[in-house]
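Shown here is one chain on its own, the form predicted alone, set out as structure tokens.
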Amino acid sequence: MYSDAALEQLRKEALSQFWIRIGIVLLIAICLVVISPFLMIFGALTGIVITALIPNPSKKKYFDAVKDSAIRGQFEKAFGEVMVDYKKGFSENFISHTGLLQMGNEFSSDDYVSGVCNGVPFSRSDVYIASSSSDSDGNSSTTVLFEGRWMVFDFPKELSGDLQVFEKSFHYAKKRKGIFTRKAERRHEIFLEDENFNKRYVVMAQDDHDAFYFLTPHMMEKIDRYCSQSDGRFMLGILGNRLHVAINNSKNPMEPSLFRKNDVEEVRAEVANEIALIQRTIEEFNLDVYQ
């Protein structure tokens, strides 16, 4: 495990290598413009491609060191033994099969962490989903459907059917209520006695009894408080004996940067926030009540 001073030295070395590469690109461009102004753009593009394709071992070494220190180290300190994979996360198939979110044609997931908190197994990952298209003129556009954290927890009671709760401002949630949805998977919208809750949230369920069993006035208050304290748009789904919590905040936290002087402390603060959120989710939704 590296000390903070050693990590800062690694960052400076990686940043130095970055600027050397930029300098090479500029040098190539200048040399070519002397020969012919028309070659400048070609030279610059060639330099950028070369810079992008050739790995920067210093950068990889720094990123790996920060993630081992900040992510793995802090999660292990909070929860004991954990499984961590910085490069991988939930699979596209896993997210798609929840039926909670619309899927596009672009998907990525990383920073997977799983462990046990207060007797409750959990897993979390950063997820990015987008839909890209091009028109007949070759103009391309990308719509980001989801970018944020996805968390999964063991739920102490298996419901008879799916239950989904999300903010009305949470775009691209998949309701599974259309006639083209298989009957066994179909959900329908439920309205609760709390009018303020109905104004802010959409509730989709397969079984009314399960929905009202879970969404007591006290639980609705907890959901509203949890949502108000979240740093993005909130969605909750109970599928079998799993609780899914998705927060769409257009962020990819816990990522090192070469350009932040106190980068390690920034990453540690983000990791501490993720740990606190896992603990708060278990507490707010009573997930440890039967543990």
Partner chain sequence: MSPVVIVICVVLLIIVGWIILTINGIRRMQVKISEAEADIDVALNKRFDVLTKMLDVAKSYLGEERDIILKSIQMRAAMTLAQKGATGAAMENAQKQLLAVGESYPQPGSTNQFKQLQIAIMDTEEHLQAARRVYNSNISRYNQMCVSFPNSLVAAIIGASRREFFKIDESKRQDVDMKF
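Predicted, not measured: the structure shown is a model, and the values here were computed from it. Positions refer to the first chain, counted from 1.
Although not depicted, the form predicted in complex with the partner chain is the subject of the following passage.
A.B. asks: Taking the partner chain in the model of the complex as the reference, which of Glu76, Asp208, Glu185, Asp85 has a non-hydrogen atom within 4.5 Å?
C.D. replies: Of the listed residues, the single hit is Asp208.
A.B. asks: Can you pick the one in Ser108, Asn118, Thr216, Gln102 that has a heavy atom within 4.5 Å of the partner chain in the model of the complex?
C.D. replies: Checking each option against the partner chain in the model of the complex, the one that comes within 4.5 Å is Thr216.
A.B. asks: Contact between Leu192 and the partner chain in the model of the complex at 4.5 Å, heavy atoms?
C.D. replies: Contact with the partner chain, yes.
A.B. asks: Does Lys157 reach the partner chain in the model of the complex if we count a contact as any heavy atom within 4.5 Å?
C.D. replies: Taking the distances in the model of the complex, the answer for Lys157 is yes, it comes within 4.5 Å of the partner chain.
A.B. asks: Indicate whether Met220 is a 4.5 Å heavy atom neighbour of the partner chain in the model of the complex.
C.D. replies: Met220: contacts the partner chain in the model of the complex.
A.B. asks: So in the model of the complex, is the partner chain close enough to Phe212 to count as touching (4.5 Å, heavy atoms)?
C.D. replies: Phe212: contacts the partner chain in the model of the complex.
A.B. asks: Quick check for you: of 94 to 102, 192 to 200, 76 to 84, 120 to 128, which stretch puts a non-hydrogen atom within 4.5 Å of the partner chain in the model of the complex?
C.D. replies: That would be stretch 192 to 200.
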